[in-house]
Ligand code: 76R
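Single chain ahead, by itself, as structure tokens, in the form predicted alone.
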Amino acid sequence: MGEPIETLDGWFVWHQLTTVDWPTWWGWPPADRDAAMAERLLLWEAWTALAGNQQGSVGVYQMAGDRADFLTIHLRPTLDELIDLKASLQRTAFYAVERPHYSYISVVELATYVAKGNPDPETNPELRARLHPSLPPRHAVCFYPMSKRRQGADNWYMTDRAARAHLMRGHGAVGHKYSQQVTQIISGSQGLDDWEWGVTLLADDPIWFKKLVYEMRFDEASARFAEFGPFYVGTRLDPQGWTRRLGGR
């Protein structure tokens, strides 16, 4: 029987993927659309203020393809804050035309073997920054959930602990090769969502997502043990870009 590897846990994360009921939205009078956007932008301003006080982070992205229109990534210290955030969204006028496409709840995590020497986030600023990440203003985002395989000889959870740590160090080495081009945020979701991890990648050029994920497919930890969910890719929006996307002035 394999033994679990301890994790350091940070902020809770909500990946919120939505679509817009465009026919209904365009049927609203222009003044009502403007008021709805202004109300939502006030919330966005409050989210940004929290990020400035290091009490959370937010990123809003327009999605490529036709799965969803927008991805909003919310990070907060507690699950209660994410629940309150959802309630504040539901009270806005824009929520009447916003349709949930996919929702993913997780917690930013690091395996303790990553914390070399000092695994205490309170006294290790580098660890604290990784567990309480601020979403960088990089142009593109890629998000996907994943789990570890549990089939026959390729059962991650029956594999020796030392062997798993060795595999993940090799896996991490591949990711480190792209550390200048891609920011990676890994969040755990065992007991919180259907998959086991959420992977958020951010880059200035989305071609790096393809290069990184392709190379990782050849890594043993992925080739033997990884099960991947859907991939969502898009580009970052600021408040003005979001307003233009919705046809505002």
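All residue numbers are counted from 1 along the displayed sequence. What you see is a predicted model; the values in this text were computed from it and never measured.
Quick note: we don't show the form predicted in complex with the named molecule, though the next part is all about it.
- Here is the short version: of Ala36, Ala68, Val60, Val199, the single residue with a heavy atom within 4.5 Å of the named molecule in the model of the complex is Val199.
- Taking Gln90, Ser179, Thr123, Thr78 one by one, only a single residue has any non-hydrogen atom within 4.5 Å of the named molecule in the model of the complex, and it is Ser179.
- Among heavy atoms of Leu212, some come within 4.5 Å of the named molecule in the model of the complex.
- Proximity of Ser222 to the named molecule in the model of the complex: non-hydrogen atoms within 4.5 Å are present.
- Although the partner is absent from this view, His166 stays clear of the named molecule in the model of the complex, with no non-hydrogen atom inside 4.5 angstroms.
- Taking non-hydrogen atoms only, Gln184 approaches the named molecule to within 4.5 angstroms in the model of the complex.
- Considering the named molecule in the model of the complex, the lone stretch of 27 to 35, 42 to 50, 60 to 68, 199 to 207 in range is 199 to 207 [heavy atom distance within 4.5 Å].
- Heavy atoms closer than or equal to 4.5 Å to the named molecule in the model of the complex belong, across 123 to 146, to the residues Arg130, Tyr144, Met146, ordered by sequence position.
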